[in-house]
Every structure is written in structure tokens, then in C-alpha cells.
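One chain follows as C-alpha cells, the form predicted alone.
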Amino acid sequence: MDAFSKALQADTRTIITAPVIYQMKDFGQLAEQFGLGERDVVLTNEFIYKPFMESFNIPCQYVFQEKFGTQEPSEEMIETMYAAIPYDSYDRVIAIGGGAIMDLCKLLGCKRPASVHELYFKREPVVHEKEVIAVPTTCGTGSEVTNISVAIVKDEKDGVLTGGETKLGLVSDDIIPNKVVLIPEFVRTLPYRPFITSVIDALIHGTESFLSPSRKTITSEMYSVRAIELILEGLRRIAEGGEEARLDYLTEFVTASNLAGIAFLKAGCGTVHAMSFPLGGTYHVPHGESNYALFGKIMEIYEEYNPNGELMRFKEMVARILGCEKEDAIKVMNEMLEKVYHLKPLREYGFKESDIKDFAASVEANQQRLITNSYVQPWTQELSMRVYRECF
């Protein structure tokens, strides 16, 4: 275990509250309540701005993420964003978007680093200086309440660049947004694919927080259980009623995503996220989808190695909501997920057989803060290779 992971394990806080969380009907109410104006920078997407914000004519600085790129945040994207939004041009940051925009705006609220690369490899300090108001427009990342900002960075081993890329999380309580506003209306026009993969991502957040072997807390227990309950019920409705069934359950999905984010603030995510990072970083698979690609297989291995303990409590919860026997809960859950969104083999994303060993080595080298939260301990490089191989 590296020093950073040891520091996370040594954190003795057991009740952690997220920022003040509001629920509002639309952008106009938000602008009025917080007095938005010319010294506020709103980072969003044009496809969100046009239908939900433009008509209110609020005189903010609107910047569209598309200006920097359409993929997940990277070293290059962050540097481009810094150049486009001078630090002295704004006093407050309003993030309105998905996980990528949340991650970018957390950085806009902090003192500018000399090097983005050094920041993500924890060789530069994180210093929060400006207020951040986070407004999620998906129902999955939970990033609006977490202390992590994820980016695709140039990979290195023993301080030497390898020529490849990987995903890393910048973790610091100083990047938690100051305020969060939930506006379910923003989710209504979200296409089904990003909607459902973000919901599955939130389910994984709740599950990994609930199963976290050493960092689970009173906070994560309470919030993860409620998030899992809401999400499983919503997914059950979609599996039975089709894609449109989600529209009557949007408030619950948005709420569950937020609760799952609070849950993993301290408990942390685990093996699924650790193993999905190289997949997302190398082949630019959207975050929720890369997690989903590995989730079912990892849960099967958890059940194989330790079917009792906290996993038994998880299975009892799944069985109660999905109406099955607890012994069949993982199988039934995976079958329901397949109904709401088809599970692709890794090779359909470009994954190569040679990646099995290389990705497992990258996880071992770069994702210890997550691997230490694996329900099965120790989670070995051989187990990572098995998951990649069986998902290939």
C-alpha cells in the first residue's frame, strides 16, 4: 500500500456531511437565489444552455466545455481551459453538467498549479480559493459532492513517463464544491445511453461504498443503502416498462446519485473503478460504461471468494427489491442490468488480449487508493487479469 492510500485508511472521521444541498425547479430560481452576475463563470454544454438557461438572460460568463474537447478531462483539456478562463476574470464558478464538467470546475475553484501533471501525481498542493456551485445534469457520477477530480494523464512508472495514458483521481477535501443544486428537469432530455450508464455508475458507487472493508462509515452505510434501494427500484421499472419508464422516476434517480456520491466521499470506490480507469483512459470508453463492463464479473468473483459478510447483506437488499432468493441476487441483478443496457465484451471497445497483463499491472501501480477498498482482500494482479480475461 502506498503512502497516500495509508493516509486515506488512517482517516478516522465517521460522519461526514456534504455541502449544503438545494433542490430547485430551474436555472432561473438558482440565478435569483444566488444572485448570479457578470463575475460568475458558468461552465456547461451548449446543448444544456440553449433549452434550460438562455431564455433567462442572466448576465454570466458562459463557457461551453466543447471549446476544450468532447472527451473526458485530460491534461491537455485542463491546460486549454485554464488559458481560456483567466483566473482573475471570475469570483465564483457554477458547474452545470455531467461528471466531466464537475471535475473541471473543481479545478477552476482552486489556485492554478504550475503543472497539471504534477498536480495529479500529488507533487503540487491543492489550494481551494473560489466558491463552486455544482448543478449535476446526469444521475450517476455523484461528483457534485465528492472530493475527487478525475483526469486522463500521461502515465509514468517510477517517475518516468511510459508514453501511455491512464486515469488518475486528484483527491482532496479542498475541491468539494461549496453548494449543490439538484434540478431534475435537466435530466429529462438526456439520451437513454448516457442516462442509463450514469445510473449504473451510481449503483456501483453505492455498492462499492457499502462493501468497503476498512473505510466504511456511519455516513456511507446510511447513504449507500438508500441510494441502492432507489436505483434498483428504478432499474426494475425500466426493465419491466421500457426506456420511457424512467421519466416518472427522475427525481428519485437524481436523489439517489447524490446520495451515492455522499456515500463514497469517505468510504471510497473500489475494484470496479480501479480496473475501469485504464479502459477509459486508453480507449475513451465513457466512465459509467467502462465501470459497467467490469461490474458484474467482479461481483461474481466477490461472491465466489466471500459470499457471506457484507455481501450477504447486499444480496438480501437486492433480493428484497427484485423479488428473488438472496442466493440468486447477483445473478438476477446482472440479468436485469442486461435488460436495461446490453453488456458488451471488452474487445468491442478496442481492448486487446495484450491489455490483460498491461492493464492489470497499471491498476497495481496506479490505483492503490481504490484497490485497498476491494471487498476481497488482498486483490491481486492475478485477479485483475482474470477479470479482464473473462470480460474480453
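Rigid core here is just the name for the largest C-alpha set that superposes within 1.5 Å across the two forms. One rule holds for the numbers: they count along the sequence shown, beginning at 1. Quantities reported herein were computed from a predicted structural model and do not represent experimental measurements.
The following text describes the form predicted together with a small molecule, which does not appear among the structures shown.
Put simply, residue 146 is close to the small molecule in the predicted bound form: some heavy atom of it is within 4.5 Å. In the predicted bound form, none of the heavy atoms of residue 56 sits within 4.5 Å of a heavy atom of the small molecule. Using a 4.5 angstroms limit between non-hydrogen atoms, residue 308 is distant from the small molecule in the predicted bound form. The shortest heavy atom separation between residue 77 and the small molecule in the predicted bound form exceeds 4.5 Å. Judged by heavy atoms within 4.5 Å of the small molecule in the predicted bound form, the contact stretch among the candidates 233-241, 218-226, 246-254, 96-104 is 96-104. In the predicted bound form, no residue of the candidate spot (200, 303 and 336) has a heavy atom lying within 4.5 Å of the small molecule. Contact with the small molecule in the predicted bound form, defined as a heavy atom within 4.5 Å, holds for exactly one of 89, 214, 115, 189, namely 189. Scanning 207, 141, 271, 290 against the small molecule in the predicted bound form with a 4.5 Å heavy atom cut-off leaves one residue, 141. After superposing the rigid core, the C-alpha of residue 349 moves by less than 2 Å between the shown form and the other one. Comparing the forms between the shown form and the other one on their rigid core, the Cα displacement of residue 172 reaches 2 Å or more. When the rigid core is held fixed, the Cα atom of residue 137 travels less than 2 angstroms between the shown form and the other one.
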